[in-house]
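Taking the form predicted on its own, here's one chain by itself in structure tokens.
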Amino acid sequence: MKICVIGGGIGGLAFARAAALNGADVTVLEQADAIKEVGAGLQISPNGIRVIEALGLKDEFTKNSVKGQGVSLRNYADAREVAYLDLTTLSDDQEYHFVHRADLVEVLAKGARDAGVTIRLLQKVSEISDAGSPHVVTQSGDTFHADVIVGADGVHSVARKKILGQTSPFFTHQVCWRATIPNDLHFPAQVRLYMGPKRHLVCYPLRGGELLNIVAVQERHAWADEGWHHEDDPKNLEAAFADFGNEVHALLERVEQVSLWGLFRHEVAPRWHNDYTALLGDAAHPTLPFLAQGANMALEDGWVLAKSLGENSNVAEALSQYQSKRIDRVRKVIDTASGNAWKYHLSFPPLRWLAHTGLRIVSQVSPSKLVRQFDWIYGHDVIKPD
């Protein structure tokens, strides 16, 4: 089977290696001049790590990641811990890691090439066509024919437009900053989430604990462009979180370069495929960053799509099977993520006090309960035979 993958990100590369290991002839088209990812950290939960392990890349991934020990939920003003989710209490076969996006992409790209995948750079796709036979046309005029075309090309996917036409996301009235700083504050291997009125800030270590990843979200009406690569002035980030406590100030005063983007809600695609083209990851189901599952869903997609194509020589049937296996789970994850922001952003003081008190009691009386609420996510195993 000849497969053309549009996009050399996490989902596209994971799928490419899985499909090549199943015997497919796979070409990845990436518009950049190198397989790389700018930006910052990812949280890879047990469901995503199962895919990395099944791809045979677990050892290399572990070398380049930090094993997470817990999640500390904290009050914004004084950084007092409200509740703690102990990730060391996960089942023996479940691990939770923090990894720099660029490091994960590098591991996947090497894994894809080692499996025989051809990666073509500087290939910006302009058209997907079925005239004569399915093929992809790039802006430079190159044509790539394939039995299957996989759109792993993100929220502005050419493949998504081919299948669904033009769709219109809506601005959630939330913006997000991200940055990395040296971890000279020696933060431990945990997520720290500072919850404040209409804002929250998350940080966790990367690269052996040498860096700290920062993600900060603010509710506001002022619009911002979608996309990860818009530079902003660090002083704007500091001003937005000026009433957060000294611990957060110590983080933000170290930020020298920061990106800002608007958070938009896209619908989960009602159709993920036509007879020869499939959508994967953000191209099918962009998610808001409030459950740390975007990369994990892309990894799961990649494995399930490769498995479906490997088990069924009828491409249209295989793509239909892929969507049916994935769409309900993805919708539940995305709906849960979309509903999480309000929990972090409570602005009415009595309600925030009540919510934090409840979390504190549960954390002290039944700490495992806080972690167990994610069993339906972390325990999901796309590797296990149906």
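Being a predicted model, the structure only gives us computed values, none of them experimental. The first residue of the shown sequence is 1; numbering continues from there.
This protein has a second form, the form predicted in complex with a small molecule, left out of what is shown; the following refers to that one.
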Even though the partner isn't displayed, in the model of the complex is residue 55 close enough to the small molecule, meaning a heavy atom within 4.5 Å? no
In the model of the complex, does residue 172 come within 4.5 Å of the small molecule, counting heavy atoms only? no
Hey, in the model of the complex, does residue 10 get a heavy atom within 4.5 angstroms of the small molecule? yes
Is residue 200 close to the small molecule in the model of the complex, meaning a heavy atom pair under 4.5 Å apart or at it? no
Among 233-241, 304-312, 268-276, 117-125, which stretch sits within 4.5 Å of the small molecule in the model of the complex, heavy atoms only? 117-125
Exactly one of 71, 263, 146, 252 comes within 4.5 Å of the small molecule in the model of the complex through a heavy atom, and that residue is 263
Of the options 295, 85, 248, 258, which one has a non-hydrogen atom that comes within 4.5 Å of the small molecule in the model of the complex? 295
